[in-house]
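To begin, one chain is listed below as structure tokens, in the form predicted alone.
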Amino acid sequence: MQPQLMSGNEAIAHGAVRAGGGFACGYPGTPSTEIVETAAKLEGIHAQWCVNEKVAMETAVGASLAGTRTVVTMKHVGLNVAMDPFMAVSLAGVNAGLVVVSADDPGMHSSQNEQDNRTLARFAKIPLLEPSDSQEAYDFMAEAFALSEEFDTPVMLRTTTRVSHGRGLVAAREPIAVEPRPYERQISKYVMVPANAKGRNHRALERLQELRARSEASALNVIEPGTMDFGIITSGVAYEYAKEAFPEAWILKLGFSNPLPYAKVLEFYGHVSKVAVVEELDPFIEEQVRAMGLPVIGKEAIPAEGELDQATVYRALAPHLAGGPAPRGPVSVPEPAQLAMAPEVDAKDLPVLPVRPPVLCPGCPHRGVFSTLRKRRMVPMGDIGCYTLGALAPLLALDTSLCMGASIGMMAGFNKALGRKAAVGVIGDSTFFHSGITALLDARYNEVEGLVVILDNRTTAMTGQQGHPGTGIHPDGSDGPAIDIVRVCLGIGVRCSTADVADYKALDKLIKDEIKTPGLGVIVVQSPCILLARPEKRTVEVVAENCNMCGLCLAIGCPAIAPGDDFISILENCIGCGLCADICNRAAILIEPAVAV
């Protein structure tokens, strides 16, 4: 096949398909737009626009978890919108390869700033690849997917306007055969509650050192010999400018620029007596080289704003070369920082304290929803709220919790990638207003097959019963207009029904029927928070001779139910919601008439 003339954006799309990518999404923004547009014309990959970059990132995470290699695209400022899921998935990790394309815009050709998103890759502790032309944009996609899966991390592919829109010949490579990666439930990995996130954060720090070793050995980082006693460290399109401005200089070309390969930088300094860093915008590489104790010419010569070109690079560095060699700095590399570990403590020196894990309150209306969802062969995508506790034992009713509003986008990506209704999104009413509405709009626009369950407990329960648009309650306690969730859903053309957990059997049937119904549906479970409402306390009685300790009632995770030797016990903190009685198949739990409290 003859090489084809492609822009960098077109090359990224073609490179993704060549590398087994099956899902592409993003929000249009110059200079990234053509990636999704090109992917939409190619066979073997599903491409879609999302309503914003946050939803796009969440959708991409869902597709990755479903086992499909995925690329999500946005311009540099778009990553600001997506930072919440971006930072969370850097800890949670991926299933199939996940590549985040950040298209930066030096010179602000079509942007409100010229933000340098290399810093965000370092901030997130993830690999950063920087192609310098269309061929590398094509080739680097395969390396990005491979790194993502090997190191269980998203990978940033950072381009700039000239790489995105510049055109060059691209030679097609042999397609890579990729086996589907089955989804495996891993609550400790994908549910970012503090206890899990601490372990994942530790792993991210370990991974960073492993990635640095890979960067040292990567063929994407190469020392190009020269005939001058002068070297240039550079990356991305700035490499092209530096090479044209000083064709006889030694060059350290960084295609895998985060983590920085310390040893390779040191090796480079052994060849020349003077080194400059040529990079657009921030002194990203320069500052790290200086931190190694090595002398370098950087932003005192190279402009820190606007685009570079070969003439600008030559004018900036030529005066420094005329002044003779700079003094050699210390040729040593600091050892990578060791992970800070807490000192070991002998267990016998610690006081014995009772274990008290967080748990949903007795009578919490969410518990009934989780109990019926758990019976369905669906992947439950969770969200941020007190209902995230549904992921914990014994409920084990949520598989993911990434960031505010992510459940709907992740469900949409998961189902789109598999081509069927395989996941359900579970979100609270406050979180729905926070950032779930845009994801639901997106799911409707992209004709997603799926189910969203909105747990409407009429408050922002997790943070202390604050009001939100669904309640109309202002911070001062005054009443304002309340937004009807059902009307919002119907208004965008989504099928919507309501339920109350007080009628568990009706709720169970509604969820069962909705899962079987084609298209996108929403169930709004309207049951007030037990701490906010004034419940009717009902007495619950155990019929000992009917109880065989089957464990069904214990599995709902209510702290008012305790196991005994021969039958279960109901504790004094029970409010008599009746869920345990509805679930019991042996009439071993009876609910007596309500008493006003």
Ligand SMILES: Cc1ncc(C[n+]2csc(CCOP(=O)(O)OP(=O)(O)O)c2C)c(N)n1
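Source: prediction; values computed, not measured. Just count from 1 along the sequence shown to find any residue number. Here, rigid core means the biggest group of C-alpha atoms that superpose within 1.5 Å across both forms.
Note that the form predicted together with this ligand isn't included here; everything after this is about it.
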Option from 308-316, 73-81, 168-176, 277-285 whose residues, in the predicted bound form, bring a heavy atom within 4.5 Å of this ligand: 73-81
Full three-residue contact with this ligand in the predicted bound form, heavy atom 4.5 Å, for P127, L147 and R214: no
The unique member of P528, P535, G29, P559 whose heavy atoms fall within 4.5 Å of this ligand in the predicted bound form: G29
Residue (of L266, I473, I483, M462) lying close to this ligand in the predicted bound form, criterion heavy atoms within 4.5 Å: M462
H366, heavy atom within 4.5 angstroms of this ligand in the predicted bound form: yes
Heavy atom of L208 within 4.5 Å of this ligand in the predicted bound form: no
4.5 Å heavy atom contact, F256 and this ligand in the predicted bound form: no
Any non-hydrogen atom of F86 within 4.5 angstroms of this ligand in the predicted bound form: no
Those residues of 377-400 which, in the predicted bound form, come within 4.5 Å of this ligand by heavy atom: I384, G385, C386, Y387
Large Cα move at E279 between this form and the one not shown, threshold 2 Å, rigid core: no
Did I384 shift 2 Å or more between this form and the one not shown, C-alpha, core superposed: yes
C-alpha of G436 off by 2 Å or more between this form and the one not shown on rigid core: yes
Pair F370/I187, Cα separation in the predicted bound form versus the displayed form, closer or farther by 3 angstroms or more: farther
Change in CA distance between L398 and A60 in the predicted bound form, which is 3 Å or more, as closer or farther: farther
